[in-house]
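The chain below stands alone, shown as structure tokens; this is the form predicted on its own.
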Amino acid sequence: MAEATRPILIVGGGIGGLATALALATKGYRSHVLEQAAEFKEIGAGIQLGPNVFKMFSILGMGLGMGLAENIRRLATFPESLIMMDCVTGEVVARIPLGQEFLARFQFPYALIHRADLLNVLLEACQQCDRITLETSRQVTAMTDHGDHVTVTTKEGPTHDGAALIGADGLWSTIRSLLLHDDKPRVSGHIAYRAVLPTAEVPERLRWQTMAFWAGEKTHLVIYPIRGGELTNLVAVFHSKRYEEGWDSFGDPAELHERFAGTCEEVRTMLSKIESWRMWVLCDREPVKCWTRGRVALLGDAAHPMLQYLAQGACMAVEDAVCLANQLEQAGGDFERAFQAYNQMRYLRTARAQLTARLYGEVYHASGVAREVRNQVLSQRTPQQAYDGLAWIYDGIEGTPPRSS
């Protein structure tokens, strides 16, 4: 394993940034994570974890000599199936079982977890690793690639030197704007309202051990259990011209109920249980072919932000982390060559996820005859056909364990 003289700087201490620090540690590299917030925390509630990311957690845990995947599993909820229903009629359109047949096909499970729980597992793993330095309240405002190292300047004053720089700072990435000089993210016109409800307040007939969503005409509602069934995560999405930057604005219940007025009784019942919603505008970007230059690379939403309809944003970020660390090891510490190889290996897969997520959003929100066609086509799929359709995502990528030092 190689050891750089300076640590690798990672801007952003979310799921992608912490996973990157762990992945680099498995290859012998030190890292310094710079998080602009006052603490490491996740905004939001539930997140879905596909088999492809559990494969990555297993690889990271093996490299670190700790039970990372096992710690995540202990905090996760494992649904029996993915169910899609029609938001207007309430009828079941499709059901994908997630039991033994699913495990036999993909080797790893499908899980639901609170974002904060997942981040805390990654954070604790980082805190236990002497190759990782964590620092909060550091907002990076400028960077310079000197050829043999990178320097970043922070709003708070201190500068930091690193062997390389990885921007894992999300949709509104500062590092991306400095590296690519491109426009703001693309606004989809879809608004998401999110809330968490104690499961005891959910009607018993709707307390399902599933990831369930009702697909409607320019609307959909997702509900699923988290924290062992103690809580129920709700996400209501609808089309709107309203726009606010950020992920944590208060939603307008009147607008929400207006958009869902024509939906079935089950959907309206669940929405009526929530008095306070958080709202965010769904954005992504056009896929780009290159997100590295010299000793600087982007990762996760900074590189390839996607709409949430594939539930793969965080999963792809963790895949990025493992792939980048693998390429750095194979390049023997040649950062520019490693970052170029990482980019080449990732851009088509992540672009496919970005574009497919957009397509899924259109399918979920179909209206008129398109909605009827959707229901007819999806209702005729067998579980095996559904698995085959998901295989390109859930088979994941290959990961390599660390070499002995």
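Residue numbers here begin at 1 and follow the sequence given. Predicted, not measured: the structure shown is a model, and the values here were computed from it.
Another form, the form predicted together with a small molecule, is not on view; read the next lines as being about it.
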query: Contact label in the model of the complex: Ala21 to the small molecule, heavy atom within 4.5 Å; finding: no
query: Heavy atom of Leu34 within 4.5 Å of the small molecule in the model of the complex; finding: yes
query: Distance check, Ile47 to the small molecule in the model of the complex, heavy atom within 4.5 Å; finding: yes
query: Gln139 within 4.5 Å of the small molecule in the model of the complex, heavy atoms; finding: yes
query: Option touching the small molecule, based on a heavy atom within 4.5 Å in the model of the complex, out of Thr174, Thr77, Thr210, Ser188; finding: Thr174
query: Residue among Ile223, Leu179, Met84, Ala192 with a heavy atom within 4.5 Å of the small molecule in the model of the complex; finding: Ala192
query: Partner-proximal stretch of 162-170, 179-187, 195-203, 253-261 relative to the small molecule in the model of the complex, 4.5 angstroms, heavy atom; finding: 162-170
